[in-house]
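In structure tokens, the next block holds one chain alone, the form predicted on its own.
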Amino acid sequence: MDATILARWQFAIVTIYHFFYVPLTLGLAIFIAIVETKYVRSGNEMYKKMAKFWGKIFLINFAIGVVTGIVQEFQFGMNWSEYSRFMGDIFGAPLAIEALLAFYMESIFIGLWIFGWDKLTKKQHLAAAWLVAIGSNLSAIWILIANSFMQNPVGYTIDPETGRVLMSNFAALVFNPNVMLQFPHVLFAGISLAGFVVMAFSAWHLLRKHEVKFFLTSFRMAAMYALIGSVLVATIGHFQGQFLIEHQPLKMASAEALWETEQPAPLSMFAIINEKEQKNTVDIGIPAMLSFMSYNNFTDEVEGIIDLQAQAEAEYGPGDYIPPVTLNYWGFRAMVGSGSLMMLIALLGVYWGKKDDLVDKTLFLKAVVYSAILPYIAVSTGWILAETGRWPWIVFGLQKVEDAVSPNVPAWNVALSLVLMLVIYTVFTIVAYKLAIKYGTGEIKESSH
């Protein structure tokens, strides 16, 4: 057993489990605030019931998300101590701000939102709802600021004596161009995911003709919410891809399994990849489309993995700088494919949701129930691409993964904690799923939480 490989598996598993909850928190908090806004403006009690009903799903998700997220920060000191030594001056600031400002803000106003229905005025309670939504997304911003430095280091100097990274420009760290694309991409992914979760539960109730007016209204709002999120996450993802072509070209070349530099470059639709021989034994693509997606024209050259590997060796020294091509190629297609299906289903949801006979479209409603899995596939594979696509770097261009692991933690120790975390996180996820199903398919109640 190799401690580095085990530590990578452990962090990957913990992160993916945690990221099951984060996007739903971001998107559902805003959705609930919008619903409550409609209640305050219209006085319609149905919207108040909607805010409370979907608030149960939010609270379950938030609670499990907090529990799964806490462990991640401990891993930096336990499994990745060399990374913590190297990056502490940079990484510590946004994580501290996230905890002391955004997370506390979010937690305080969640408490006011839960217990303040009969104690606050309508507008005061609405303010609490919006501050929960703002706090949730502020929390995400600071985490992504820290992650964006790992993707695109800016605003730093290297200490000549210790070799550590030191912050030289806090504003550059906060306004990292990677953050300007990464945060809205994550935000709209959360909006689309929340829309699909609400659509799925609403469709389940509509199939059984439970509280038709209530769940038809929820479905209509969620379908539009999901459509807006899906379209915007795809649009921003396009610009993010163009940014990565310039700043992490090996990530994008591996996502396309583009071994040789081509001008113009085709967009691969299906490939059988031979990483050992560095070629695709089968490759079906659309001519010149990758050039267009990369540079907005059909003629530009797109550099391939082999040439980019040679450039990396010239800049950083001998080594293997090629990310796992097969993983990134199919992960990218799982993300894009799921996102495309989501746009189609959300568009049909908006169109058919306007009609009163939606309850009779049983086949479509059943498809919507199961479509809730699509955004989870999309966000998970997207995060895998974001993190594995920059291998062998943990901090791009500055520190490799193999140099970041704790040198004094034996492999058996990491293996034991890996197994324990896998079991615990699986149990948490099952509990969260069962609670969400229980409350999401339950009756609408007048009482507050």
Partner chain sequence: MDLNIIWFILVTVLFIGFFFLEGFDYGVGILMPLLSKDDSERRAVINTIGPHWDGNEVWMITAGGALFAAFPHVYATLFSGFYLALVLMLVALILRGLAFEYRSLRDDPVWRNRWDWAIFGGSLVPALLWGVTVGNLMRGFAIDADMNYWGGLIPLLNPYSLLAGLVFVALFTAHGANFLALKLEGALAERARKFGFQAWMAATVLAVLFLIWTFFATDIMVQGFIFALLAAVALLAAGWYAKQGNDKLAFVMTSLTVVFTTIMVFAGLFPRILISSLDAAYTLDIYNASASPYALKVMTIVAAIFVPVVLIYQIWTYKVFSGRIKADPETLIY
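Values in this document were obtained by computation on a predicted structure and should not be read as measured data. Residue numbers count along the first chain shown, from 1.
The discussion below concerns the form predicted in complex with the partner chain, not included here.
For F31, is any heavy atom within 4.5 Å of the partner chain in the model of the complex, or not? So F31 does not count as contacting the partner chain.
Report whether the minimum heavy atom distance between V431 and the partner chain in the model of the complex is within 4.5 Å. Result yes; V431 sits at the interface with the partner chain in the model of the complex.
Using the partner position in the model of the complex, report whether M78 sits within 4.5 Å of the partner chain, counting heavy atoms only. Yes, M78 is a contact residue.
With a cut-off of 4.5 Å between heavy atoms, is G116 one of the residues that contacts the partner chain in the model of the complex? G116 belongs to the contact set for the partner chain.
Within 4.5 Å of the partner chain in the model of the complex, do we find a heavy atom from each of F103, F170 and M421? Yes, the whole trio is in contact, each within 4.5 Å by some heavy atom.
In terms of non-hydrogen atoms within 4.5 angstroms, which of the given stretches 106-114, 333-341, 193-201, 244-252 touches the partner chain in the model of the complex? Going by heavy atoms within 4.5 Å, the stretch is 106-114.
Under a 4.5 angstroms heavy atom criterion, identify the one residue in V212, L347, L166, I373 near the partner chain in the model of the complex. Contact check passes for L166.
Sole residue of A96, A310, M180, M224 within 4.5 Å of the partner chain in the model of the complex, by heavy atom: It is A96.
Taking the partner chain in the model of the complex, which residues along 379-418 bring a heavy atom to within 4.5 Å of it? Heavy-atom contacts within 4.5 Å come from S406, P407, N408, V409, W412, N413, V414, L416, S417.
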